[in-house]
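Take a look at this one chain, the form predicted alone, written out in structure tokens.
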């Protein structure tokens, strides 16, 4: 019997993860990618001799990556050099700083040094959230394309965490009376592109996961993760076609029969997986079966980001690997971003100085900086072309004023700027870098389904489907969709579970 054929649209980490899993399980898989490189928002940017991650810069929940490689019969350590960071991140509020670590004893000591008398709240938080994560994690591993999914026993156990109007900040109020210290446990909601004052309470598990299990740098950058998955995919006989944009998905009734490329070529398939940006794809390549742009605009979206990628002819060895500088008025900054109209002058920012850890991303004696500033998405049409130079200078002013990099401008030899418009023009709907917002009414069953509603054999992977954005959850979406296809084709595979024993400790 001939192999069942699968076409995957997009070579982001979700598409590549699904590709290598399904190829391992005996399917004939072709991945088509519109760009001339793999990775999507996890791809590499090259500026001269400097290498940058486009988007994600560190990995948390490493066990999900390990499980994904194990599903393809591989060990991630055979393909990637993952370095556990300690300390993890320097947090700054004006003159006050906190160095974070997964070492709970040292973290408590660091909190006491910067926020005397407040380590007790941290210790309670860590104790309480171990059980919370153990209950929630299995829920995020299951599909929700049927309402009957809400009858699962594991979901019923977590309803107190989900069926609540509480936000991340509401939960943290119970542990941290100091507003600045609270931010050390709320900034992780920005991984979802959301305000902690609006982000659902269940997402306090993000900061717990980080402080319990640590974060990892990938030597060469996180862009090496999709490169490693592409290598496994090729080893399993998968076909990867770059510079191959899709014009339309082909349908017979509500069954996807393949894809038509912009070149006119048609690739037939038994199943189609869409790893493109969900909202963008739904109004561009669905061949009359999608949704109007106007209807998609009615959904809630994450913030966007203003990015600086800087190649330097020096190395700031005294600066940390990761540094988050909070706005002086953080709640106002977040309100302006959430309001989608006002660009904050008092901005928060994230700086990655990975060259102090990783000597492969810049020439000897040189370094690169990755600077991310959360900002408004493109809903209301801010004129970034006119304002980007001024905003870039405001960011550099703040860095030079508040870090040891007083002469930063004089050392810039390579530079690239991304505005929200850049993200939008690359195919990200509304420039919303973190996809659809993770509000209660856009989660689980109410988020675009892994098996797209109304279609027999069209599946989604990536941040725009369940479980959501962020690299670990994107990998989980790939596993969910791959398993759904295998169930439909009666392909039996043994599930890999490394998490249960890890989360039990």
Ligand SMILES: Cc1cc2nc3c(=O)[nH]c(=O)nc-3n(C[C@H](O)[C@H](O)[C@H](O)COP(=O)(O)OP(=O)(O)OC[C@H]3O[C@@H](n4cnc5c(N)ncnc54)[C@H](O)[C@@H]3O)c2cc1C
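Just so it is clear, the model here is predicted, and its values are computed rather than measured. Numbering follows the first chain given and starts at 1.
Below, we turn to the form predicted in complex with the named molecule, even though it does not appear here.
Visitor: Can you confirm whether 142, 158 and 455, the three residues that make up this candidate site, all sit within 4.5 Å of the named molecule in the predicted complex, judged by heavy atoms?
Guide: The answer is no; none of 142, 158 and 455 reaches the named molecule.
Visitor: Considering the named molecule in the predicted complex, find the one stretch among 22 to 30, 444 to 452, 48 to 56, 66 to 74 with heavy atoms no farther than 4.5 Å from it.
Guide: Going through the listed ranges, the match is 48 to 56.
Visitor: Of these, 301, 137, 423, 122, which has a heavy atom no more than 4.5 Å from the named molecule in the predicted complex?
Guide: Result of the distance check: 423.
Visitor: Using a 4.5 Å heavy atom cut-off, which residue among 211, 370, 203, 384 comes into contact with the named molecule in the predicted complex?
Guide: Comparing distances to the named molecule in the predicted complex, the residue within 4.5 Å is 370.
Visitor: Using heavy atoms and a 4.5 Å limit, would one call residue 434 a contact residue for the named molecule in the predicted complex?
Guide: Within the cut-off, so yes.
Visitor: Might residue 460 be said to contact the named molecule in the predicted complex, defining contact as any heavy atom within 4.5 Å?
Guide: No, no contact at 4.5 Å.
Visitor: Just checking whether residue 35 would be counted as a contact of the named molecule in the predicted complex - the rule being heavy atoms within 4.5 angstroms.
Guide: Answer yes; at least one heavy atom of residue 35 falls within 4.5 Å of the named molecule in the predicted complex.
Visitor: Just to confirm, residue 41 within 4.5 Å of the named molecule in the predicted complex by heavy atoms?
Guide: The answer is yes: residue 41 has a heavy atom within 4.5 Å of the named molecule.
Visitor: Scan 220 to 247 and note down the residues that get a heavy atom within 4.5 Å of the named molecule in the predicted complex; none is a fine answer too.
Guide: Contacting residues: 244, 245, 246.
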